[in-house]
Each structure stands twice: as structure tokens, then as C-alpha cells.
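Just one chain follows, in the form predicted on its own, and it is written as C-alpha cells.
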Amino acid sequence: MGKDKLRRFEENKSFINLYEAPYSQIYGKDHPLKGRWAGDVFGNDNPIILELGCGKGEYTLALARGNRQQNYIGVDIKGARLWRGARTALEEKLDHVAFIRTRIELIGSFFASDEVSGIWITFPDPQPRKENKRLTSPRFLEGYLKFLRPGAVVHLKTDNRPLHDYTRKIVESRPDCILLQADTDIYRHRTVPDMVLEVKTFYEEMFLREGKPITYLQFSTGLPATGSRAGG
């Protein structure tokens, strides 16, 4: 392991906005902040929005800069990547941003029922041969529903058309999920909200340079939709 990575791991321990917990401390157990993020971390009752697999936190930070009426938490297992996001949030005094270093499959240990108001999943590993590991598989969705509020909105942004189609099929098959919008080429159709187009991750910029279409899917949980905006 390089010296720079080791330095970042050590510096992570001093960041007040970065929360880490060894696997042995949370596997099958609750993190001390479960159900307490609003009061103990953010000091307000604003909605909490997660970005799962946030990498360096580009999307988490961009969303937070645009809306101080919501709290944002980026989640990733890579400590060296989280270092960048956590440090930037501190430098910019974004006190409504936090980060968690953990495996996504353990996210239920961190949040209580109805504690989270939305999820962003941006350019995840599509796991073409391991359906159970896809972040939008029934396995993961069941876990999210345990802490999402009724009517919470989940966003998927990906360059991988098979993952987009797979997720749409899963959402449309579930009575507890309501498809709100689906677009297979957001920069060509431009039917999505402006912030979906304006905020770009490192990987998204790379995929756009390669000419790959970027897809977007949005669905809600637990409440009937007033009308679907699903498209092609």
C-alpha cells in the first residue's frame, strides 16, 4: 500500500464528518448513530439523502452545494476515495454533508425505519454475472425499504443499459415501488430534471467522452404515484 494512501487513511480518523466502523462491530448489530443522524450529526430535522457507492463524493457534494435544506450522506467502502469527499466538505464548510465507510450490504445497520428520504445510485458496478450483487437487486431493495420513508425517491444513473432495463423490470414488478421516470439517453432526450444533467461524476464525464448514452431511472416507495413519466 502506498504512503499516500496510508496517509489518507490516517487523516480520515480526524475527520468529524467521516464515520467508520469495523465489520465486526456492525455485522448483525446496530451502529450507535442508527436513528440519531438528524439530531446527533446534523442538528436538524431536514430530509436525509444517501449516495450509495459515492466514490470521491462528487455527486454528494454537488447535490449538497445546491440544496442546504437537505442532509447528504455518501457511502463507500474505499477509504482513500472518501478522504477526498470528506476533506472537501470540511474545506467548504458543508456541515450538512457526512460520509460513511462501509459495505453497502451493511447499510441497514446505520439507519432506522423512516430515517432516509432518498437514495442516489450513480454509475454502480453493473455486476453482469452476479445479479444478487447489483445495488438495485431485490436483495438490496428489501434492505433499503427498511429505512426509507414512504414516498422516498430512489435515483439510478448509469451508462449500462442492461442494468437500467433490469432495474426497471424489478421496480415495475413490485407493488411497493412506483416507477416515476425512465430515460435511456438523458442528454439526447433531455426530459429529466436539470440537476440530473448538471451534476456529473468522474465516470460520467468519461463515458460521455466515449459517446456512451447515459440512462436515468427514478422510482418512489410506499405511496401511489400521481402519474408516471416513464419514457424511452
Ligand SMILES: C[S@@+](CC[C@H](N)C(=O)[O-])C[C@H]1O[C@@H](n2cnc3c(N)ncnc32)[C@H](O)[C@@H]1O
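Numbering starts at 1 and follows the sequence shown. Since we're looking at a predicted model, the values are computed, not measured.
What comes next is about the form predicted together with the named molecule, which is not displayed.
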property: Region of this chain that lies against the named molecule in the predicted bound form, out of 201 to 209, 60 to 68, 39 to 47, 164 to 172 [heavy atom, 4.5 Å]; result: 201 to 209
property: Listed residue (Ser109, Ser117, Thr122, Asn160) with a non-hydrogen atom within 4.5 angstroms of the named molecule in the predicted bound form; result: Thr122
property: In the predicted bound form, the one of His96, Arg87, Arg81, Arg149 near the named molecule [non-hydrogen atom within 4.5 angstroms]; result: Arg81
property: The named molecule contact at Gly55 in the predicted bound form, heavy atom, 4.5 Å; result: yes
property: Heavy atom of Glu142 within 4.5 Å of the named molecule in the predicted bound form; result: no
property: Residue contact check: Glu105 to the named molecule in the predicted bound form, 4.5 Å heavy atom; result: yes
property: Non-hydrogen atom contact Glu51 with the named molecule in the predicted bound form at 4.5 angstroms; result: yes
